[in-house]
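One chain follows as structure tokens, the form predicted on its own.
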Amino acid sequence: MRISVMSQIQRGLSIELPSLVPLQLPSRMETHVWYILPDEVKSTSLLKHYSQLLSPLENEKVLQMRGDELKKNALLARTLVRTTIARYQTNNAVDPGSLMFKKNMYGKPEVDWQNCNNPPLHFNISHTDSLIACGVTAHVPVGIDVEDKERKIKHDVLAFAKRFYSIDEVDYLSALPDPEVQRTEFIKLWTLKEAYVKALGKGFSAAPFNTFTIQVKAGTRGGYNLCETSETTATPLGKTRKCDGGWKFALLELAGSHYAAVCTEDDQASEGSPMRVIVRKTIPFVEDELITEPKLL
């Protein structure tokens, strides 16, 4: 489909874009991750079509961004949210442009379901300059964060970690002799911690990074625990004390260039089963590619 549609778009031909392919809701054990690479979307006519899906307020916010690249990425982010959510309205076809949104009391965006029969979808979005990702779950809150693997830390990694991370996390990083490994592990931790705060949906002030610890779950590949700390001060009292099994994590690689962390609340109906992440790369209305073996970290 991509060859025919993209070739016509690139030649500036006026065509009717295909409909979004409907999908079943994620199961209680699944998180669906959709991502788009902005550099792959070059057609001005396609971008114009995307802008027509946005609300007037969304378009106004896009135009307020400084620079063409920021405008484009803001447009793609809103388009990704709308087209991703619209795919799961399997009872009846939904125009992605008709979706309405609201924010919870802490400012986290949510779909404003006008019809209570709509599925209990949750979503969250994250982006860098070169990748935009949207996580989707049914029934349980979700948080997602993406970070460029080559992201540079302006300050000394350990000094930065001591400002923001728990003592156990600082100890973990301090034990790594290779500065490059320290940098990559710092970024992975940051991605996991931010995904949890976003899943919690109460803002960063409700869960400062140094009040909880992300630990690798013993005996698992790609499993992580969320543990509380007793104090936020740099004393022995700040050691990790209690691990909370109420949250699930996954850390994976996207497009070979980014770390992506996903966090969901553990639904009792899933009976403690590990999260299954299904990843798709997309150019909305043009191409959807299922990533058959996403790289879990």
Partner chain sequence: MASLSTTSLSFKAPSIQSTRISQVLRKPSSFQSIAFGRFQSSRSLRLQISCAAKPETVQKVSDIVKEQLALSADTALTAESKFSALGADSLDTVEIVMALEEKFNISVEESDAQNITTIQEAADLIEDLVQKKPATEAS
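Residue numbers count along the first chain shown, from 1. In this text, all values refer to a predicted model and were calculated from it rather than measured experimentally.
Beyond what is shown, the protein has a form predicted in complex with its partner chain; the following relates to that form.
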| query | finding |
| --- | --- |
| Listed residue that, although its partner chain is not shown, lies within 4.5 Å of it in the model of the complex (heavy atoms), from 105, 100, 181, 175 | 105 |
| 70, 37, 29, 243 - the one with a heavy atom within 4.5 Å of its partner chain in the model of the complex | 70 |
| Heavy atom of each of 154, 164 and 190 within 4.5 Å of its partner chain in the model of the complex | yes |
| Residue 65 within 4.5 Å of its partner chain in the model of the complex, heavy atoms | yes |
| Interface membership of residue 196, its partner chain in the model of the complex, 4.5 Å heavy atom rule | no |
| Contact flag, residue 205 vs its partner chain in the model of the complex, heavy atom cut 4.5 Å | yes |
| Proximity of residue 147 to its partner chain in the model of the complex, heavy atoms at 4.5 Å | yes |
| Listed range touching its partner chain, judged in the model of the complex by heavy atoms within 4.5 Å, from 209-217, 130-138, 167-175, 76-84 | 209-217 |
